[in-house]
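Before any questions on binding or motion, here is one chain by itself as structure tokens, the form predicted on its own.
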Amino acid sequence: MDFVRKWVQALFFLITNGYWNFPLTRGIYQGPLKVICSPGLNCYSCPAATTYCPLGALQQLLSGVRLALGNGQIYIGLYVISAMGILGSFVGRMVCGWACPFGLFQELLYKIPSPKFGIWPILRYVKYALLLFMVILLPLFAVDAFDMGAPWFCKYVCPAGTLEAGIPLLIMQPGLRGNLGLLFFNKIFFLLLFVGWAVVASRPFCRTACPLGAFYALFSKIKLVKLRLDSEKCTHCEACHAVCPMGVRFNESPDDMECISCLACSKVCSVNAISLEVGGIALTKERPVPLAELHPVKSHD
């Protein structure tokens, strides 16, 4: 199944970054596909991007609300929120494990041979603070003289935007280099931080700083596609703990908000206690269980 997931990740990368004419145009794609919401974190300004980033679009939407209301424009487009909500209610953070290009990038970095370390569980809550303040409140309330806000997370933090858009555009358009300032180097710092961190720890950006992942995580209890734990089969061997890229202890917290449904836990579960289901209907087939696993020998010491 991990082989299938890698192919799906690659397919989503190619679909959301399918404009390979950018070396000739030296600009970003502005065609009709740019109205489609990308499921994962994929910068709108990436030269190859054929879709828009839901996180950036949400900030742009909120940054213009005050101006629109001030001009008597009661109608505010909620297409991006609806698209994110539909994705979240259907698959939740499965998007992070199957369709996010920056998630795939981190997984590839983690394969580089190096000492590996865990991530403090408390850091998982940072992304919710970033979602609340930098994606929602600041674009909505920190406005300029014209009542326009700014995409704070994209502008000051997002390492995916720096990698996919900032650096490529500077290479293709040398004239932009004269405008480099502290803001750009601030974003380079965050990019280098998460790139280096991803080599020694699994998916650090996803686990600590991705507001999009935080948004999808809010649907963990109600999403249609999810992993299910059969508590009667579970032997509490804790094999699922060691393989989870998000640090989830699945047998202890089957509805954990960090779960990206990558199926790593179900692969190592020798008693088939973990299955992928859609609306309560199991999709994964049970593997034969060794007799020793069904009837483990208990020590009498």
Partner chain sequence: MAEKRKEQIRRAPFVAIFVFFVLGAVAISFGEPSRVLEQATQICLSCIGIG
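Residue numbers count along the first chain shown, from 1. This is a predicted model, so every value here is computed, not measured.
What follows is about the form predicted in complex with its partner chain, which we do not show.
No member of the trio M1, F102 and F133 reaches its partner chain in the predicted complex with any non-hydrogen atom inside 4.5 Å. Contact with its partner chain in the predicted complex, defined as a heavy atom within 4.5 Å, holds for exactly one of L140, V199, I222, L123, namely I222. Contact annotation: of the candidates C206, M94, C154, A217, the single residue with a non-hydrogen atom within 4.5 angstroms of its partner chain in the predicted complex is C154. With the partner omitted here, the stretch from 109-117, 184-192, 206-214, 124-132 that lies within 4.5 Å of its partner chain by heavy atoms in the predicted complex is 184-192. Put simply, A145 is far from its partner chain in the predicted complex: not one heavy atom of it is within 4.5 Å. For the chain shown alone, S45 is a contact residue for its partner chain in the predicted complex, at least one non-hydrogen atom being within 4.5 angstroms. Residue contact with its partner chain in the predicted complex: V35 places a heavy atom within 4.5 Å of it.
Its partner chain in the predicted complex is approached by N179, whose closest heavy atom lies within 4.5 angstroms of it. Annotation for 224-262: interface residues with its partner chain in the predicted complex are L224, K226, R228, D230 [heavy atom within 4.5 Å].
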